[in-house]
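Okay, here we've got a single chain as structure tokens, the form predicted alone, with questions on binding and movement later.
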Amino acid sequence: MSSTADNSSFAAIEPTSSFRQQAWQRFRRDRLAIAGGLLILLFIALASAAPLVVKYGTQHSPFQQHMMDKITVGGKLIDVVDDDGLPVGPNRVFLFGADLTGRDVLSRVIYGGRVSLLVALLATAVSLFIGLVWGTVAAYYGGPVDATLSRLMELMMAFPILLLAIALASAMQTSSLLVVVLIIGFVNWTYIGRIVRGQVLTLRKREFVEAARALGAGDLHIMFRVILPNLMAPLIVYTTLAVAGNILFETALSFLGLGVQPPTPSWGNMIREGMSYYNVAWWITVFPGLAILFTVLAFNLLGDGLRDALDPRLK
């Protein structure tokens, strides 16, 4: 998340068409950012179309949790264990191999991406909402309001976010998708809160804000109809970087057994299930790990490209 600190250097800008054109010209010249964006679109398309793409089951074992030599796929008997009783590795039928109960790893990676991306996107939306409201109110009103809200924000940032998330998950005593989303969103909002506060402190003194106030606009109108559009550049950059961080966060919670619970697949709990057998069935752990690697890398490349394109100091 340290990359988000750079976003505080964004100057206030008017969202004009000429600026958007210049930003697009800068962005389209960044091949790594374009590649990252295309890779993200591919992952989202696969996750969205998972029921159409996936051929095999993801949650329930085709042989009721008992190892068998063969299962029926498309009317044909297919081996799911080798002569040593271990799940088969990557082959023409199971491109990513099978897991310990005969489930197709590729199918579970696709469905796991659906869950991990959904949790990360929703958690980012939660943190954006809290941080945006908190930072805007603190900076706009200033004085005691700013001092109180800023101290509370700093107190929140003093806690290690992973330990705080573990404590909250343990206290909830449940790990539904909604709970995981709320926990991740709650512990990560302080980063965007600081960015927004810094921007609003500058924007509230600009001429267009004073003009809106002179015309009789209320505080809510000024904060969210006048100031907010000038925050879009850093918010867009933060969102892409935050999604990458939240994918890793969800993976860590699921790996520790506090996130998405089996049989619902997520990349984190898939890695957890395969860790005890990585020396004999490496594919169970490696392929979800590669999915995390490429997804996070794609979001970071896209975020860096957007940051460079939307920084008005660049020409």
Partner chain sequence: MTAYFMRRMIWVALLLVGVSLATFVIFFLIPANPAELVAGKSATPEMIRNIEHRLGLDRPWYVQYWRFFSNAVRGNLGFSYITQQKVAPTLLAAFPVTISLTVGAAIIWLAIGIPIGILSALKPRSLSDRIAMIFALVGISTPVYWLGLVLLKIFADALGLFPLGDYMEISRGGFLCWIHHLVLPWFTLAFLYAGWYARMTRTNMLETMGEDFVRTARAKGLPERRVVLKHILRNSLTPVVTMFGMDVGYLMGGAVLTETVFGLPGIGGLAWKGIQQRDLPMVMGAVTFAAVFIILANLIVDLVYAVLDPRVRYR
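Everything quoted here is computed from the prediction, not taken from an experiment. Positions refer to the first chain, counted from 1.
Beyond what is shown, the protein has a form predicted together with its partner chain; the following relates to that form.
Exactly one listed residue, out of Leu220, Leu178, Leu215, Leu155, brings a non-hydrogen atom to within 4.5 Å of its partner chain in the predicted complex: Leu155. Interface residue among Ile34, Ile44, Ala50, Val286, judged by heavy atoms within 4.5 Å of its partner chain in the predicted complex: Val286.
Although the partner is absent here, Leu39 lies well away from its partner chain in the predicted complex, with no heavy atom inside 4.5 Å. In the predicted complex, its partner chain lies farther than 4.5 Å from every heavy atom of Phe208. The closest non-hydrogen atom of Phe27 lies beyond 4.5 Å of its partner chain in the predicted complex. Although the partner is absent here, Phe159 sits close enough that one of its heavy atoms falls within 4.5 Å of its partner chain in the predicted complex. Residue heavy atoms within 4.5 Å of its partner chain in the predicted complex occur in exactly one stretch of 135-143, 222-230, 102-110, 160-168, and that stretch is 160-168.
Proximity of Thr251, Leu290 and Leu301 to its partner chain in the predicted complex is complete: all three residues have a non-hydrogen atom within 4.5 angstroms.
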